[in-house]
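Shown below, as structure tokens, is a lone chain in the form predicted alone; questions about how it binds or moves come after it.
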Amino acid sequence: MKITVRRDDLVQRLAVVSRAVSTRATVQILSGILLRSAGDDLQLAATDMELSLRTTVPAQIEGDGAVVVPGRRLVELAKLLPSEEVEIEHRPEESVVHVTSGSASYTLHTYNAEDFPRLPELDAVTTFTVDREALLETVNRVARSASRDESRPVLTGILARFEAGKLVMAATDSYRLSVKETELGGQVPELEAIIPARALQELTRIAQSGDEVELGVHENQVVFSVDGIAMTTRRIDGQFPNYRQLLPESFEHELALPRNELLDVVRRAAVMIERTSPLQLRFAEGELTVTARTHEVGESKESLPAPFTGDPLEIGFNADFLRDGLESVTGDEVRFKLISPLRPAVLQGESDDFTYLVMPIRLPG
């Protein structure tokens, strides 16, 4: 098999699929990128068994075949090749590929393509289309609340539920919860799946153009197609927490605060926080005071006007979680909903389509 391809095209597409190359050294084949001839296209694919990415590059190809080339090495080499045209020749009997560009030539040892994991057949998947911007914005609003703790796999995923004219996504790490409802145009089937947060965040990076994303579920796999790129990821088994039951029905206090101003205060105060020290918010008549106090670092205190009435209320939060919530809310104002120092607080923007719940931290003393 002999492949001739434009260097810039190859570099661009390798950069996409290489995001699924495994960084673990335990299974060598997963550190490779599959190159396969397909008529006038060169197919590229990579997988770490959790996530797979596939795309094609226009190329002149003589002969048929497939080979797996060390992924990171090929990506770095392609970026540095001196000529605009690249020739890749696979010689199966030698278990190598020869890469030629201008006066430069390289020989890379390869892996057997038959050992590469079999990826889902895309033609077998029934897909539907979703507005790209609506899907990606929904992912970006909720993804940071997903857990990174692999001991509870369900919480590392994002619940995605498609209903008539609507998409609902929810994510929680048991300390905070994000829920976003997005109106969709067109027809979408009723569908619910827990999708790894990592895969959806990867989708936001690769889906940089186009109006729509094709989406489908096949057995235990979820498939996304956009801009000539196909991404497949496993569907997480398990029962996602009933997030509706986690949201309080009523609150003692509800006040509108300037989002950007409060976010700046929280960011400044967070500089003084170390480890598990809580950020202290004291709501009093007409005022909110944000205090950060760490024995090893020092103390900060900053106040801003707040339309609060009644007995003072002091509540503590993880500074990062509170900042994430304020960054996820859109609009000039944030609605801060409170019950008591030991009950969760809820942040919302000017509309009800996004909700961010955050658990408090008990304050010392």
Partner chain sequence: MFVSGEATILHADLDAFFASVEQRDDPRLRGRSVIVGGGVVLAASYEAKAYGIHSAMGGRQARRLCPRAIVVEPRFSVYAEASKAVYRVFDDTTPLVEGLSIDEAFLDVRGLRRLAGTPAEIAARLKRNVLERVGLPITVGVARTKFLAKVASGVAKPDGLLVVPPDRELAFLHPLGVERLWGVGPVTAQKLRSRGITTVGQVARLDEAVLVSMLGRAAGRHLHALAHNRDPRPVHVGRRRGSIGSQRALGRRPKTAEAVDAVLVGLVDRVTRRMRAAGRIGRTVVLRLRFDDFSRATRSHTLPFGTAHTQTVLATARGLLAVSMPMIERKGVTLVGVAVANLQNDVPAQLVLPFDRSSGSALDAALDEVRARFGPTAITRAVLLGRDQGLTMPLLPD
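Numbering follows the first chain given and starts at 1. Just so we're clear, the structure is a prediction, and the values are computed from it rather than from any experiment.
Another form exists, predicted in complex with the partner chain; not displayed. Remarks below refer to it.
Note on contacts: among F162, F251, Y175, F116, the single residue with a heavy atom within 4.5 Å of the partner chain in the model of the complex is Y175. With the partner omitted here, the residue from N220, N112, N242, T294 that has a non-hydrogen atom within 4.5 angstroms of the partner chain in the model of the complex is N242. Of the candidate stretches 101 to 109, 273 to 281, 131 to 139, 81 to 89, only 273 to 281 contains residues with a heavy atom within 4.5 Å of the partner chain in the model of the complex. Under a 4.5 angstroms non-hydrogen atom cutoff, the partner chain in the model of the complex has R152 among its neighbouring residues. Not displayed here, the partner chain is approached by L246 to within 4.5 Å at the level of heavy atoms in the model of the complex. Residue contact check for F308: none of its heavy atoms lie within 4.5 Å of the partner chain in the model of the complex.
Although the partner is absent from this view, R362 contacts the partner chain in the model of the complex, with a non-hydrogen atom inside 4.5 angstroms. Of the residues in 297 to 317, none comes within 4.5 Å of the partner chain in the model of the complex through any heavy atom.
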